[in-house]
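Heads up, the chain below is alone and in the form predicted alone; it's given as structure tokens.
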């Protein structure tokens, strides 16, 4: 762990909360879940010191499995559970919320209050869905825009964590196989009473000679100042989500292409577009050793195993540095608007992230691609090599901790630009 990360944890140690929230909000969201089993099995993902875990254990009568990667937080939770007589109803585990080793259908309720940003809203919903027992519910809180943000708010959050508006989060949940049954904007007091005010007091006591502390204090002050000056631009909101099992909300299976899939992929692209250009482009890119990257051509399968969707990432360059281009993306007409295309795109982006890729560009519908985190490329200093409406040329950074590339895009020769 870096000195700065250690300093951040030191600043937050022993605070009432590690992010915006309150017991009132936890109880409100719990009240929207509906009936639970007599002794529900609950997962608190990214539990921190366990404020939510303790309340959930007390008020549901169930057993809470609380996971976090910071062992000192888990130790705080264990002490609090023992003090409140809850040790037999709370199990703390030192685990990543992104890689949970539990069997399918393990939990009746999955809870992530103030923590889902660590792995991303979309990633969390996809990876946790298999863990839900029949009739189960997911509750998360997510930071989101409340409208058109100011330049300072946009700059801060673009660098820290890509925010979307409520409608885009609902669509992302739908694409991951959920319906949103309740949306609850947290009151401003949830930011201040038990988080920022105690944190500001802690800052005044910080040992600035400790390695990393000056940087941690400066970053924390900037975050608090942003909230004070531009807090109406963004909010935390609670989402109560239930798996959607209807025909139009399938739990899609995605995987990288294999040699046996090539004909089916061509047929999907031929069916999805009015001419053969996109189908031919896929084959030309596959033949270009400088453009093709094994493992970044993803297909979506229907329940019978047939291929109904396809998304492709290939090598392009931005300012001379390697990046990725998303295109083409195609879905059989009879499966469109059912999440098959979104599933393939998300799977391809996740695979690219795992490979260490970062900047991805796409030319497409401005109403569709922001759900994956894409923003106008010009905002990141990226230019198309041809005239194109600003809102149609978009870019995404897969790792918020790494800067996006800047410069002009150079596409593979197969694109013909």
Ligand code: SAH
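Numbering follows the first chain given and starts at 1. Between two forms, the rigid core is defined as the largest C-alpha subset superposing within 1.5 Å. All values reported here derive from a predicted model rather than from experimental measurement.
Not on display, but discussed next: the form predicted in complex with the ligand.
- Comment: 47-55 is the region of 47-55, 373-381, 30-38, 388-396 lying near the ligand in the model of the complex, near meaning a non-hydrogen atom within 4.5 Å.
- Contact annotation: residue 323 falls outside 4.5 Å of the ligand in the model of the complex, judged by heavy atom distances.
- Although the partner is absent here, residue 189 is not a contact residue: none of its heavy atoms lies within 4.5 angstroms of the ligand in the model of the complex.
- The ligand is not shown here, but in the model of the complex it comes within 4.5 Å of a heavy atom of residue 118.
- Mapping the unseen interface onto this chain, residue 285 falls outside it, with no heavy atom inside 4.5 Å of the ligand in the model of the complex.
- Contact with the ligand in the model of the complex, defined as a heavy atom within 4.5 Å, holds for exactly one of 216, 175, 265, 97, namely 97.
- Screening 234, 252, 73, 239 for any heavy atom within 4.5 Å of the ligand in the model of the complex leaves a single hit, 73.
- Contact residues in stretch 14-34 (any heavy atom within 4.5 Å of the ligand, taken in the model of the complex) are 17, 18, 19.
- When two forms of a protein are overlaid on their rigid core, residues whose CA moves 2 Å or more are considered shifted, and residue 379 is one of them between the shown form and the other one.
- Note: residue 379-residue 173 Cα separation is 3 Å or more longer in the model of the complex than here.
- The gap between the Cα atoms of residue 222 and residue 379 is larger in the model of the complex, by no less than 3 Å, than in this form.
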